[in-house]
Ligand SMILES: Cc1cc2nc3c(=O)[nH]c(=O)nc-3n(C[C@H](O)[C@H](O)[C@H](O)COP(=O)(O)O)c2cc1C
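Let's start with one chain on its own, the form predicted on its own, as structure tokens.
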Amino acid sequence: MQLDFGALAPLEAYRWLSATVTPRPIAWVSTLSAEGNANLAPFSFFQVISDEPPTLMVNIGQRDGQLKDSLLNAQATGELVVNLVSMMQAEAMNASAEALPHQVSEFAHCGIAEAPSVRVRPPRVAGAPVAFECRVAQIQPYPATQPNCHLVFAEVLLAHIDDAVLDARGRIDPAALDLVGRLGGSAYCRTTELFRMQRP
């Protein structure tokens, strides 16, 4: 089978890409509006892209041609928190994807507990196994002509890591981390099933 992506409608291209490039980590992004309203939303077009400086990238698409609150808030304040999603919080993460009015907080609407951040103003998700406090390094509309998304480059300032996900050496235990990954459609996976190989 061969797919000519130039001949596919955008929705079909999305379906093929999201069903094959898997599993994808989920950035559960918390932001504050300029007025101080909290927002929380999940994004699975997400990855770490640099360790020097430590930088994450989140692709924030549009909703019905409109910019999403997460992007508007990041543009306005220059700050965000990228929370990682454990299996225990999967349902809450999914609930926070609901489209709500700009001034309504997903934290409050979905009953998700928040915790204060240290270096940035947006709150983080209480109980998240890992939360990265970030400042916006760059926001890049993409593609350059008629952009339909924005790539948010977020420099990590400080990380909160739950001691419960650390092993005896103080390093991450993947099984204890138990993160949720995104597959295609409504399918998800967990990071608890793993195998090891030594690099040559």
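Quick note: we count residues from 1 along the sequence shown, nothing fancier. Keep in mind it's a predicted model, so treat the numbers as computed, not measured.
Keep in mind the form predicted in complex with the ligand is missing from the figure; the text below concerns it.
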{"query": "Site test, 39, 42 and 182 vs the ligand in the predicted bound form, non-hydrogen atom cutoff 4.5 Å", "finding": "yes"}
{"query": "In the predicted bound form, segment of 135 to 143, 158 to 166, 47 to 55, 60 to 68 with a heavy atom within 4.5 Å of the ligand", "finding": "60 to 68"}
{"query": "Non-hydrogen atom contact residue 79 with the ligand in the predicted bound form at 4.5 angstroms", "finding": "no"}
{"query": "The ligand contact in the predicted bound form: residue 93, any heavy atom under 4.5 Å", "finding": "yes"}
{"query": "Distance check, residue 97 to the ligand in the predicted bound form, heavy atom within 4.5 Å", "finding": "yes"}
{"query": "Partner contact for residue 26 in the predicted bound form: the ligand, 4.5 angstroms, heavy atom", "finding": "yes"}
